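To begin, one chain is listed below as structure tokens, in the form predicted alone.
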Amino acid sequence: MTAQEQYVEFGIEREQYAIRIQDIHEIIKMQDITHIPGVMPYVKGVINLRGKIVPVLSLRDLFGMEEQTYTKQTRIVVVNHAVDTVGIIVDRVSKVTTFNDIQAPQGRFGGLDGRLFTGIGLTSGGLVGILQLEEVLLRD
């Protein structure tokens, strides 16, 4: 990880998070999700993304936050994970950014386990948790 990498910054409630831009396939508006019975509660179902079936999960649910109604700002961040493509529902996408200073995560960031983060980006607007996709997507 270098300080000059680009990241897509997004928000869930009042917290800001980021994912390396190279891990992102695309960002799409919220759309109808087909529910799949018997999956973990944070897996909202699947979408048909131009003929490819993509599982979609909610970071809110994964992080133990209260469910909220989707808004016009709600987005699905489609990420490349190993050989799969996964959609992540976020409240809003803010911007593409770089960080001049990235610090190692502590044991906890907000109410979340520090292992979910590769680092904490420092900005003039505050702290941004840079997600460790492996930990986030493979979490039980």
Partner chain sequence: MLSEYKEVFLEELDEQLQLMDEVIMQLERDCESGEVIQSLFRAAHTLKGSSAAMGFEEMKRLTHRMEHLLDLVRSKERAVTPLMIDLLFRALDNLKLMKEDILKQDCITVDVSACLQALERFDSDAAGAASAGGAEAGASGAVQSQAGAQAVVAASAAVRPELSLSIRLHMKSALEQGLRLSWLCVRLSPDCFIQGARAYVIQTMLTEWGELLLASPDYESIGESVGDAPELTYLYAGTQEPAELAAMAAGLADVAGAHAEAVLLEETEMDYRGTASAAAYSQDTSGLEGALPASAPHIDESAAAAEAPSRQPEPSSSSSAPATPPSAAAKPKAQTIRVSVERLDDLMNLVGELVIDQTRIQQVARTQRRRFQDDSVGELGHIADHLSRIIGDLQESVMKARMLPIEQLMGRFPRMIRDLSRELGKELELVMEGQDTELDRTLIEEIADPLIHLIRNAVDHGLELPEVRERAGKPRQGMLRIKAAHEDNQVVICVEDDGAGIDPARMRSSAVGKGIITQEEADAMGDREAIDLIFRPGFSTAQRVSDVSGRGVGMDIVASHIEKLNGMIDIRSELGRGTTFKIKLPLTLAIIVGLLVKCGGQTLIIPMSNIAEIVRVPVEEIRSVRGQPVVLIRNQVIPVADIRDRFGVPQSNDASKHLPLVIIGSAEKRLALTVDELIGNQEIVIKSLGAYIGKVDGIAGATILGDGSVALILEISAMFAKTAAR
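Positions refer to the first chain, counted from 1. As the structure is a prediction and not an experimental result, all values here were calculated from the model.
Only in words, not in the display: the form predicted together with the partner chain, which the text now covers.
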Subject >> Residues 36, 47 and 84 all lining the partner chain in the model of the complex, heavy atom within 4.5 Å >> reply: yes
Original post:
Within 4.5 Å of the partner chain in the model of the complex, heavy atoms considered, which of 112, 43, 30, 27?
Top reply: 43
Original post:
Any chance residue 104 has a heavy atom within 4.5 Å of the partner chain in the model of the complex?
Top reply: no
Original post:
Is residue 76 one of the residues lying within 4.5 Å of the partner chain in the model of the complex, judged by heavy atom distances?
Top reply: no
Original post:
Can residue 57 be called a contact residue for the partner chain in the model of the complex at 4.5 Å between heavy atoms?
Top reply: yes
Original post:
Can you check whether residue 92 is within 4.5 Å of the partner chain in the model of the complex, heavy atom basis?
Top reply: no
